[in-house]
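One chain comes next, on its own, written out as structure tokens in the form predicted alone.
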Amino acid sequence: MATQLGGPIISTAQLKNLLFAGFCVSLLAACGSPQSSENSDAGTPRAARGEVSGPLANAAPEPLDVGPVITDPVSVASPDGRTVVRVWSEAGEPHYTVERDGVSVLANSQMGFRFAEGPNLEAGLVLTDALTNSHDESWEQPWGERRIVRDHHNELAATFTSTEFEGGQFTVRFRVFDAGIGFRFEVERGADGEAPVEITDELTEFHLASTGEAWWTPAHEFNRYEYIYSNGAVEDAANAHTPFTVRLEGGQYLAIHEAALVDYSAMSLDQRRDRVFEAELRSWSDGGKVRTTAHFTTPWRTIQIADDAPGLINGTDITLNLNEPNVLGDVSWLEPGNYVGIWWGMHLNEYTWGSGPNHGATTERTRDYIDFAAENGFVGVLVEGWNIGWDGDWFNNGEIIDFTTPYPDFDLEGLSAYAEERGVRLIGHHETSAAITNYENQMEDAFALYERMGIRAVKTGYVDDAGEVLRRDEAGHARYEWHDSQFMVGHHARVAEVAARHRVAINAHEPIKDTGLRRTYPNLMTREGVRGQEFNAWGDPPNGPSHTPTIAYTRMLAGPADFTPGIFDLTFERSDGRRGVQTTLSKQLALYVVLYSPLQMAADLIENYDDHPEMFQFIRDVPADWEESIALQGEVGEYVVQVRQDRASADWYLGAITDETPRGLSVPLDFLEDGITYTAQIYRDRADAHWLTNPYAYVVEEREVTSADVMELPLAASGGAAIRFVAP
């Protein structure tokens, strides 16, 4: 039952006196009142920092009578009582803090909004209502890291009302889980809820209570999310994409992200002052941030909190729980699984996407891949470069791409029928070159074609520099948007809806980041949004040994990633002479367990799997849909031990990877069911393995184990171990 919280109610006259006193204090501070400590302006009212709109010299407006006001902070705790959020108004500005076990995690952080026209919602706001609630239920994923997800949280809905203009208020709704918090804003700016407004700034702050170590990729850069992670002091992160992962000096682990990104701009984190990050919304081509109506709701801002690094991985259900349930109805047509594809050969320059003598997407080659997939239990074959539009400079000529017409040497209809005969499906490909209007004009026909061909999944692509997404306005003029702008958020939603009508799943590359919308649209199965395997073919530099042990605690917190593991030719020649794939072969296997995707690629040329058939067996066996997933051990950027239980059997799988540091791990097997003896099929590094000098040194062995055993795992430099625990 909802309950009003808060301290004693004050009168309107008292309220006026308090507001006037707060204004005077703010004015004195803005005029140079001394600060007593380093960074003492962080978390103080914006009026005191000279950040309010309009001249401070103007007299304060007569405040409105908004009725009873809550003057004391209100709070809500997580179900286990360890995490506490406090909310209050100070000098007319809303604030919140977060504590864990009585220790400050987020210090005094402010909230509010600025708009292109009319009054803002940043000052003159008082706390007028506070309602609490509790929620505990479980729901089932149609596919995912785990079948059953528990949503257990306590909620606080705190309403701040403007004393400066009628009808101005927002409710900040906090949901506090054992693994962290989510909060969003439900805004009313005036009585006319349909009146158009443009947000120019969301003032949400995340004021880290202490310094610490951070891992991030830069926002506002040309290569979207596809960067090697930076690692340094928190203060070194200027403008960072989310998830933004931090280990505070007190040992707490945080990951700041967002959930349910719908009809809004994506958020990055702009460090305005040391440890004070503000939500930075990606802009439209005309500079505005979000176009909406006067009554709007933001995405959820999320803060995972954990005692150790694996706790971050185990706490990602927060993101899913903050999204709306499935709106598609029956999704039994979705088919998770492992696939192969005509893809890696183009990155190695052995084939071409465009037509010609080295064209990759030929009928003959595709039939070979279909045969290979059928013989080895793969669900599909991805074919890139099958349709008209790849010839010439496809990167810059996205408006000539045709999504329904194949090249003459690719028999789409015949190959679809052949794949069906072999129990396999083609996986479609839509590379848009970020020419969005051209794609949306053809999208209905393109997905209808795939539905007729029995194609149940498509890889979409948006290759172009960030900020160069081509949109044609109503007059046909070119407008260039960011990949993570409100426009592209809406575009990806439209793709999901059209694809779902035709029973097609999406694997988006160069996408908007994952914010858990796969719960609402389960056909949003996976995406890129990470510096994936293809950079090992030509990237400068290739991904180093610490890359995947880093993204397990950063990018993967957002959701599934099509990283494309499974390269067996580890020593191919790059043009710069460097080793491209900087892992052992055992680590390539372990990535299938560590880096989750419901559509998981065996990325190498199919002929390369013939060289190590005993290692290829693990890829043939490992599923892509799980009953349960648990991160057991690890540290950000160093190593990960991940276990998952097959949804279709009682078997468990383990993946362990390390950075350039060899290490020996002792892993208790208490995740296995008691009283059962499992056969452990082990694929691991040999004692002399090393990613640079001896990447193919591996051991394949079996032993009997129970839940009482401890597995000793020696990992080579940039090595790994992959284990299947077969239940009787």
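Note that residue numbering begins at 1 and tracks the sequence as displayed. Only a predicted model underlies this, so the values are computations on that prediction, with no experimental measurement involved.
Missing here is the form predicted in complex with a small molecule; even so, the following discussion is about that form.
In the predicted bound form, at least one heavy atom of His509 sits within 4.5 Å of the small molecule.
Put simply, Trp626 is far from the small molecule in the predicted bound form: not one heavy atom of it is within 4.5 Å.
Using a 4.5 angstroms threshold between heavy atoms, Tyr653 stays clear of the small molecule in the predicted bound form.
At a distance threshold of 4.5 angstroms between non-hydrogen atoms, Val463 is in contact with the small molecule in the predicted bound form. This chain is drawn without the small molecule; in the predicted bound form, the residue among Arg282, Lys459, Arg555, Arg175 with a heavy atom within 4.5 Å of it is Lys459.
For the options Phe372, Trp143, Trp353, Tyr253, the residue carrying a heavy atom within 4.5 angstroms of the small molecule in the predicted bound form is Trp353.
Contact with the small molecule in the predicted bound form, defined as any heavy atom within 4.5 Å, is confined among 243-251, 427-435, 264-272, 146-154 to 427-435.
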